[in-house]
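One chain follows as structure tokens, the form predicted on its own.
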Amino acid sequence: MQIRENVPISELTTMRIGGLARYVCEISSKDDIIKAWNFAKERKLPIWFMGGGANTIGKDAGFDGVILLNKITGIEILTETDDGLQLKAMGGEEWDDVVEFTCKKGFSGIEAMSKIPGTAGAAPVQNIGAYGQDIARALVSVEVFDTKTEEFRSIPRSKLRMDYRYTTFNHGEDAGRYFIVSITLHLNKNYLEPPFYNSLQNYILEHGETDYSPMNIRRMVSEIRAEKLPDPTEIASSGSFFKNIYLDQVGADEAEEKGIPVWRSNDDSGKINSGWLIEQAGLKGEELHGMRVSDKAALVLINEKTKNYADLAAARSEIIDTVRRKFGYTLEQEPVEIPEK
């Protein structure tokens, strides 16, 4: 296990801001988890779990504790039949590598989540999703190290309270309790069918696509994302910075009456694309306190000049206030923030 001291959080996160972390431990095995946990406990320091830092924001004061970076990698097929594939992906494995693996095998369930940055272990924390899929539908269970009981155990999906960007891992009294060692997924041969989420459907119609196999959906989604979303390894951002807005049927009806596009679910509830609200509020492409609202996808904030959290917070507040005044909806930040302790 590698332990580093006084590491800039800006070097660990794709938004590239944040002060010093007192210690950073790189975890490459289950034994390393125990060692890092004991290291922190002996020093009476708080801990914070991280994967690739794509959905994490650091603050200027840094973190007076121990950050555990999940570097445990590997993909293992548990069972495979003509109709289904069950696999285990270690928490430090790149999420997109897991998606590519399943698509090459010809199985469906996560192909629309291609090119989402981050690790497999981080995926269930936020219940990541894109283009009509989310990980909750494919997730079977999660293997964790429980810091409360100091033991390894498996938690089934049914116990994780998974909803839109909401899970046991990031809300409630158990938030921050578990280090995710691995995830188990189940994929199938039930390919996606139209109508698709707007941008994917538009791409399909424009290019006359009729092949909805996992590898072709992956190719199309990858091209769409490459056109709209900056690569966080090259351009400082956290991907989608604001959550979309989910409404019940009454709320969805009211939004449509105001002329706001709503993506309807089977139960007639709906979703508003927050990027559309930001764009219609006149903020697309604008620079605010060193943060640029992407001119390709208004949900994305690009760190062009910002070196501190205060400027990010000011830009965020300005966007939220502008959208609230114009449309009456309050945007909510998607990336999590490392606490100042």
Ligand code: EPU
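Numbering starts at 1 and follows the sequence shown. All figures in this text were calculated on a predicted structure; none of them were measured in a lab.
Below: the form predicted together with the ligand, not depicted.
With the partner omitted from this view, the residue of K243, R219, K71, R177 that lies near the ligand in the predicted complex is K243 [heavy atom within 4.5 Å]. Site annotation in the predicted complex: the residue of R157, K88, R225, H186 reaching within 4.5 Å of the ligand with a heavy atom is R225. Although the partner is absent here, A297 is a contact residue: one of its heavy atoms lies within 4.5 angstroms of the ligand in the predicted complex. Although the partner is absent from this view, W276 contacts the ligand in the predicted complex, with a non-hydrogen atom inside 4.5 angstroms.
Using a 4.5 angstroms threshold between heavy atoms, S238 counts as touching the ligand in the predicted complex.
Remark: I204 does not count among the residues lining the ligand in the predicted complex, judged by a heavy atom distance of 4.5 Å or less. Heavy atoms within 4.5 Å of the ligand in the predicted complex are found in one stretch of 193-201, 209-217, 142-150, 166-174, which is 193-201.
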